[in-house]
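Next up: just one chain, as structure tokens, the form predicted on its own.
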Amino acid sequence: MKRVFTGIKATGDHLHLGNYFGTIVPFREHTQGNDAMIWVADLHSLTSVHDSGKLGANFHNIATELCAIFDDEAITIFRQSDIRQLPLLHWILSTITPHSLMLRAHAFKDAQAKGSDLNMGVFTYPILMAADILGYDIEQVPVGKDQTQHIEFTRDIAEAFHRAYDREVFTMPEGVYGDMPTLPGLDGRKMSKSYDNFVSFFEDEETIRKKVMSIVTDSKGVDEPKNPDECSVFAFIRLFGTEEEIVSIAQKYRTGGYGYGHAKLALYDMIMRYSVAYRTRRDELLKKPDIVRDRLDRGADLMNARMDEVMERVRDATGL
């Protein structure tokens, strides 16, 4: 049995399809027979969310949605800020992390290029990510390929600590990357909360329908043949349709007489069909918030105990 770990930031109102297929699906593929944990990263969210009401609502929604998706109690779900020794581990790792390593971080360089109002949380974000992973003896981290650098940085930081204190303290995590391509957003760019181009299972049905109907396509008319491999709508259909539906709609694209509006309506029906169990479970949990709160509390108790074990080794190595 391996310890498998991933997380979701509390920066948006809901989990979106990019989160689901980029993080949750690869995570689920590695939960069977393993000790699996998923956390809601509210501390990470503070780099961009400075509204207590919004952060609290985001956290509650995303935690509830995760509990709806992972209704198996064997999956540990917890809140990042409930881990007492995480800030201490973050600081200790900061003292051995080279400044030059942080300058290489993609997220930091992207923020610089956009002229964003940077804070130190953005700069040291990868160190907190490393603390999240190294603090629990995690062996595997299933994530999207866009998170490869974070896993590499985590290993680099662990190795820097081992060199500094001349002993091995941390378990070296391995990134596990699925074959899922980056999911397009409504405008064709990467689906992202920051671009506001996402779709979520957990929005109301009319909002989902409007968003699906707004997916950007080319200007080809109903009667013109179309290439399904170059269409964002069809990219979603590949994820949600049955094999028979995918083959049939691809043929209709190539033949002509089938418009993007037809494809979008079919996609909407597929999304609603795929997500009905999640939506039903989420609605039940919203009426019983104590179920979610109790599960998070149990998760925090377990993960605090695990970090306490790791921190005994860290304190011994550092002399604290």
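Residues carry their position along the shown sequence, with the first being 1. Every value quoted in this text rests on a predicted model; they were computed, and no experiment measured them.
The same protein also has a form predicted together with tryptophan, omitted here; what follows describes it.
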*Is Val233 close enough to tryptophan in the predicted bound form to count, meaning some heavy atom within 4.5 Å?*
no
*Consider Phe123 of the chain shown here, and say whether it contacts tryptophan in the predicted bound form, taking contact as heavy atoms within 4.5 Å.*
no
*Contact of Arg155 with tryptophan in the predicted bound form (heavy atom, 4.5 Å)*: no
*asked:* Ile208 versus tryptophan, in the predicted bound form: is there a non-hydrogen atom within 4.5 Å?
replied: no
*Using heavy atoms only and a 4.5 Å cut-off, determine which of Val141, Met191, Ile77, Ile127 is in contact with tryptophan in the predicted bound form.*
Val141
*tryptophan isn't shown here, but in the predicted bound form which of Ala266, Met272, Cys67, Ala41 has a heavy atom within 4.5 Å of it?*
Ala41
*Going by heavy atoms within 4.5 Å, which of 161 to 169, 130 to 138, 69 to 77, 245 to 253 lines up against tryptophan in the predicted bound form?*
130 to 138
*Check each residue of 1 to 34 against tryptophan in the predicted bound form and list those with a heavy atom within 4.5 Å, in sequence order.*
Phe5, Thr6, Gly7, Lys9
